[in-house]
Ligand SMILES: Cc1ncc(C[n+]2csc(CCOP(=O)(O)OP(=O)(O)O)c2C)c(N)n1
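In the block that follows, a single chain appears as structure tokens, in the form predicted alone.
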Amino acid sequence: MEIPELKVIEILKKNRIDLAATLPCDRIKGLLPLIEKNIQTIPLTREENGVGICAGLYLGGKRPVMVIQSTGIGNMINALGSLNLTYDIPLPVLASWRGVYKEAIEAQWQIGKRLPAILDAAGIRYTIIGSKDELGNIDIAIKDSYNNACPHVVLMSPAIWEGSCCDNPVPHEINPRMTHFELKSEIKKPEMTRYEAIKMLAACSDDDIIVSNLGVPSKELYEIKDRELNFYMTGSMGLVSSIGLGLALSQDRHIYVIDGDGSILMNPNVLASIGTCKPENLTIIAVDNAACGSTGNQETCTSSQIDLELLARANGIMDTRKVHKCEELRNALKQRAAFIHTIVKPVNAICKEIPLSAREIKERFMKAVGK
């Protein structure tokens, strides 16, 4: 008797999937350990973060897949639309479809039953796998995603795994360890603008990759120094560091990410992923003006409560710097610190719109990195 979990692994390998971003579900508890044994795996803390990581992996030349519970698709809809559909970035998603087949948990019913209609309305392709005899359609869905540069969701019924003899995963006990944390952190009055900080980065970047947050930061970078190795975000706020992480895991070049306080606070999950993966070729420039600069300078909680450098340290990113002056930023960039908390004035430079479509940004970027 063919084991359905092994069939899925066979299909993933056949399609040259080289990395899986995963979140758990009770119905696929036999599949997930097999994926981890056969394919490099990134455990996620939130699905939307995984969309960004997988986008960066693809831009850097990898072929990722996401394996999640279907409830998480609700967290991904905007990212799949404003990132994958907008830039033509493929992403096959294998989703354990809850809420429909023998579902006892009432909270799963509402979204589960409506998922096909939700995906239809969002313009996202999907395939329903109702039994183990239909597993071959996963192969078709993955090929469609990569051949047509689009997301494709596979809704996998729990009926597929009934009677499977796969072993259940062995529980992981917490790793005993000593944590020593010592940091004197002082936020001073800002002395530079974001434009000046980006100008310093552009002068130090050489042939490194720069991924820029959406809105004004991307427009400022474009005006200061447009180059094919710049990847400009146009949507999906909160995912710029996720994309940077995916690129760092797929490229030998150094990756600089221009992120912001509002964006990081929208997706702090990415800091946990970076702290876990610890790529040596990734630098996050956390530009902190205590405001959502691109939407009218609305105040964020970094103005009086949150210290982003401490937040990064708490997530395991220990190589951090705090800078207030251009010269301090220059030194931190030369040292290629993992996280540079960059304190700036809440000032936006007057810049023109970037005269490139999202697809043009992606295509010239991938050509520049040789993918």
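In case it trips you up, residue 1 is the first one in the sequence shown, and so on. For clarity, every value in this text was computed on a predicted model and none was experimentally measured.
Missing here is the form predicted in complex with the named molecule; even so, the following discussion is about that form.
Distance check, G260 to the named molecule in the predicted complex, heavy atom within 4.5 Å: Contact with the named molecule, yes.
In the predicted complex, G293 touching the named molecule (heavy atom, 4.5 Å): Judged by the heavy-atom cut-off of 4.5 Å, G293 is in contact with the named molecule in the predicted complex.
4.5 Å heavy atom contact, A272 and the named molecule in the predicted complex: No, A272 sits far enough from the named molecule in the predicted complex that none of its heavy atoms falls within 4.5 Å.
L115 within 4.5 Å of the named molecule in the predicted complex, heavy atoms: No, L115 stays farther than 4.5 Å from the named molecule in the predicted complex.
Answer range among 139-147, 206-214, 278-286, 67-75 for contact with the named molecule, defined in the predicted complex as heavy atoms within 4.5 Å: That would be 206-214.
Of L85, I224, M266, I128, the one that lies within 4.5 Å of the named molecule in the predicted complex (heavy atoms): Of the listed residues, the single hit is M266.
Option touching the named molecule, based on a heavy atom within 4.5 Å in the predicted complex, out of L249, L119, M200, M237: None of the others qualify; the residue that does is M237.
Contacts with the named molecule in the predicted complex - residues in 133-153 whose heavy atoms fall within 4.5 Å: The stretch 133-153, when checked against the named molecule in the predicted complex, contributes no residue at the 4.5 Å heavy-atom cut-off.
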